[in-house]
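Just one chain is shown here, as structure tokens, and it is the form predicted on its own.
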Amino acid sequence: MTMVDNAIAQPPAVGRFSRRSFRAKFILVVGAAVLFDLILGGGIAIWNVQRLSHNATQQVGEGLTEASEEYLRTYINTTAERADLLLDQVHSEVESLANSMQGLIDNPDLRQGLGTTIEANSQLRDDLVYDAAGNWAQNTGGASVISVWSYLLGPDKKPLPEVDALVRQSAAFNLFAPGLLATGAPKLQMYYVGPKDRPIMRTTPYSQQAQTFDKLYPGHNNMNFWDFFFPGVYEGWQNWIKNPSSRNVTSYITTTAPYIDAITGKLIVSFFHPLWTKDRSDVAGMTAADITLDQLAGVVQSVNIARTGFGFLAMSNGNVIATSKAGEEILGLKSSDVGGQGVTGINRSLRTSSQPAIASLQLPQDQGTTIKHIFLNRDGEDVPYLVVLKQLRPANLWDGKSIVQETMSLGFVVSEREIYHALIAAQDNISKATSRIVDYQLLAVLVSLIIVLLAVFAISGRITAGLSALTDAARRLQNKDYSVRVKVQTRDEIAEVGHAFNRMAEEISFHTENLEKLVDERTRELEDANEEITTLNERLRSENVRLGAELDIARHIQMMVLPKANELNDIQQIEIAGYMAPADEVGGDYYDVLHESGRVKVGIGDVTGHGLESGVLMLMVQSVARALQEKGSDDPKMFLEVLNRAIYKNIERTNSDKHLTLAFLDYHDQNVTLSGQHEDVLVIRRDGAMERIDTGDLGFPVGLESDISAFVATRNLPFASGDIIILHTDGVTEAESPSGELFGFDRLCASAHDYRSGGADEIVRGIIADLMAHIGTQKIHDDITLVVMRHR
């Protein structure tokens, strides 16, 4: 058995859990299918969960955002209403005081009578005392303080009569103002100021009013009260009378910007209500109330949004008049006092904020609610904030020069992280819930995969048990265990295969036992035949030895009949040299030199094929030619015809298919007669000229026909001293080089021409050397014969 047979008979064993096993492939295929199904199903489920999470997050976010913004809108609208209500309440109380005072102006008799009555009451009467240091007059106590400035005093340092009358007429202030001050909205103070020609000032509660003015506002006593403290207010009201359309706001209430109160030192806001003359042709003074900015700030500071949200109240020029300390810091406000001839205000403008988003914040231009998203820098971090803005109702504002329309804006500022804390927490909870669901889904997929793989592993064992049993049985059968049988336990296709295997095993067992017997018989027969062949080989070997010895003898005989050197040296006129090498032990070429009585006959021929039979035919030709030469036959044509008949009859008798080409050269007296058909004859003249003689029309193959006389002819050639004739067989010209190239007649001519100056023997050795160099390692397929004749 060969190695290939062994490789086929012994395939590599496949382990139960080898990757090439059916069970492994079954588990791999089923497991891959289950894994694909689980991944696809799990992927779709996870994708749906994430999509639902995304949608829920988006909807919750939109809902909470909308709810938060709606809450902020409602809250700021409510706060704005509270601020407006606070201002309306103050306005109402100022208007009440103004209406009371205006009623007295419109009823001079009542005003006069009421003044006389109050003057008569020592509890209500104002006893003015001149202060020489301040150069003004002021009462020393009572429900209100009334100050009469120096330019309203006469030479006796008492109020001028018309001023004194106004002091008495305005005493009714004490009846109304204290009650209004004590009730309603918290107010710092309420006061009355007379017309511009008598600008006395009556204020409740009582305070060191003139003394404080002297301290805080030097020079006020030398200038009209209206022009010093509130320039433009009086003229603005007068303009309203002349041009009612110049009043942009329906209410007569005129508000001041926050300023520092001269008496309390607090930031306050004043609300003025003008009084008119009875005929409404001029201004008759004013009633007013001051509230501290803390009261407005209280409304703003009560704003409670998230943890750090705050409110602020800003004027249309961006000056924030109310906010908390934390709000001031977050808004980046910078406070500065605004000094002037009269009241001293404060500036905390949004435009000068250190926060760029606040500095560029646009206040609302209508009554709608505006929500803006900005970033404020907090400790080096840009924190998102929500800014909600809402305008309050418009009011008349004294801007320090004139009366203009002012609409303050209420603003809320809250960190988005805080206001959307619930949203962020909800989104985070949704994200965490989604992550948990995804984790659970992945865990479920993994557990399912493990369970399915375990189930597939267990089932695959049952499914492949039959195949494994078949595999083991086949392997045992392969190992020549012909008794093996498969235990069939199922009724499926594998069971059918098992039954088929058992039948096949039985048949193999039966045939194997018979085959072994047959092999034993054939083995004995082969041993007998081998013994016989060995005997025959011994015989053949002995026969070959015998034949080799006979061929060696034939070769020696063939070489022995060739011309000897002494024979050739006896020829005086011609120098002849020859070379013959058979391809086998016995060659089929022929050459001979016959010399008798000055006549020289040179023959050359080539028997078809080579070997012993050709060598025998060559010896026949040599013998017949020698016999004819000895008989004295000097006619070349007759010589050849007789030789042909003798050879033909011998060939016919031996029933051989051999024949040969054969030519003879007869030399006599510097002439050569050429007869017979053979290879071309090469003639080199003394001067080196070369002639190629064709012998095709000088004869016919010898031994092929009994009579060749019709074909035999002769040709005479001059052969003078120095001329060279070269005869050869086709073994010379048809010798092949290792590359298959023939030596050819041209190379023969060239080689002979190269060696023509030497003797015949030198020419033979030179040509043979060139021929052997051409052949090299190539096998010699034909006999080689070369004969050179050189005329001495």
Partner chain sequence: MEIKTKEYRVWREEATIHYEGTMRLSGTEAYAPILELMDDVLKSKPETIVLDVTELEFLNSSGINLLAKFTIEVRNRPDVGMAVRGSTRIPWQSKSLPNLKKLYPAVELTIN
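C-alpha atoms forming the largest set that superposes within 1.5 Å between two forms make up the rigid core. Everything numeric in this text was worked out from a predicted model, so none of it was measured. Numbering follows the first chain given and starts at 1.
Separately, the form predicted together with the partner chain exists; it is not shown, and the next lines address it.
- Taken together, the three residues R111, P161 and S170 lack any non-hydrogen atom within 4.5 angstroms of the partner chain in the model of the complex.
- Although the partner is absent here, E705 lies within 4.5 Å of the partner chain in the model of the complex, judged by heavy atoms.
- Within this chain, G696 lines the site of the partner chain in the model of the complex, having a heavy atom no more than 4.5 Å away.
- By the criterion of a heavy atom within 4.5 Å, K658 is counted among the residues contacting the partner chain in the model of the complex.
- G332 falls outside the set of residues with a heavy atom inside 4.5 Å of the partner chain in the model of the complex.
- Only one of Q677, T434, T255, Q209 comes within 4.5 Å of the partner chain in the model of the complex through a heavy atom, and that residue is Q677.
- Only one of F700, Y420, Y579, Y591 comes within 4.5 Å of the partner chain in the model of the complex through a heavy atom, and that residue is F700.
- In short, of 734-742, 40-48, 26-34, 62-70 it is 734-742 that has heavy atoms within 4.5 Å of the partner chain in the model of the complex.
- In the model of the complex, H781 is the single residue of 774-788 with at least one heavy atom within 4.5 Å of the partner chain.
- Once you line up the core between this form and the one not shown, the Cα of D279 stays within less than 2 Å of where it was.
- Relative to the superposed rigid core, the position of the CA of P161 differs between this form and the one not shown by less than 2 Å.
- Residue displacement note: E69 has its CA displaced by under 2 Å between this form and the one not shown (rigid core superposed).
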